[in-house]
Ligand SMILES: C[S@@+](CC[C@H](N)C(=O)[O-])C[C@H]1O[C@@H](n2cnc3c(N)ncnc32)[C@H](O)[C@@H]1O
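Below, in structure tokens: the form predicted on its own, a single chain.
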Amino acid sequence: MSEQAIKSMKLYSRVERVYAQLRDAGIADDGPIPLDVLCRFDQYHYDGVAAVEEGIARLALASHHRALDVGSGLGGPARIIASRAGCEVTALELQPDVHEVAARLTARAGLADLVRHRQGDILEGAPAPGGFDALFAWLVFLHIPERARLYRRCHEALRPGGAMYVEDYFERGTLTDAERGTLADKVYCRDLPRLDELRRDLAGAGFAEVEIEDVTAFWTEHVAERARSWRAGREREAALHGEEVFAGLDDFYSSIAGLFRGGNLGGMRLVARKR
């Protein structure tokens, strides 16, 4: 996965816009940030903090565990995991600019003692292979077509008895050529598995007890509301971020809503355990 090519996805461009959002919320530059304020702006996946809390509960995470967040973005999920479970979290992010902003936000949120940011590619291996009890990934695997290698690396990251929690896309129907083009051009997503392929590949990597929940209906509603809300706030968002950023995200949000509305793109939650 290329750290430059992924910038075709507008969600990942101009990530420093989070500072404007914080200033608009009354947070001074370089000052401390209350977590309940920061989490309004640093969760790029669907359903925000609730989705992270779902993952924590599914893996029964506790303070003595070590967790790895793959494709950790601005660090939002990692900070929630650390604050809710009280455990040490390694946040692994490919993109250098996103990684740097995330580390600064974590320091300002007072969580640098629990959340350790690392810039790198999971395909090259986890920061501490075999050292994690839990692995999380929210809307990350869709960017990585080398699925067999990805699952092996995730398996290698976990201790025996460890588990991973993933929320991601899958091919639910038969994607049209136009839908595949939109996914490739606007979401940096070039290949998606069907659920039977996913189960087979995870078993091949050594995972057992694979549980998959189809959350397509919920995500379809969620992304449609996100697109509507963003467009409804055009005047305010354009004033805050500039017309170019507003237009780019408007196109991205509406494209995702259209893909889910088509019925061929699916969303799933997955728990897979290492023997």
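If you're wondering where the values come from, they're calculated on a predicted model, not measured in any experiment. Residue numbers run from 1 along the displayed sequence.
The same protein has a further form, the form predicted in complex with this ligand, not shown here; the description that follows concerns it.
Proximity of H143 to this ligand in the predicted complex falls within the 4.5 Å heavy atom cutoff. In the predicted complex, no heavy atom of T220 sits within 4.5 Å of this ligand.
The closest heavy atom approach of F207 to this ligand in the predicted complex falls outside 4.5 Å.
Contact check for R58: every heavy atom lies farther than 4.5 Å from this ligand in the predicted complex. Looking at 195 to 203, 131 to 139, 104 to 112, 152 to 160, the stretch with residues near this ligand in the predicted complex, meaning non-hydrogen atoms within 4.5 angstroms, turns out to be 131 to 139. Screening D191, D121, D185, E100 for any heavy atom within 4.5 Å of this ligand in the predicted complex leaves a single hit, D121.
Shown here without this ligand, the chain has L92, E93, L94, Q95 in 82 to 97 lying with a heavy atom within 4.5 Å of that partner in the predicted complex.
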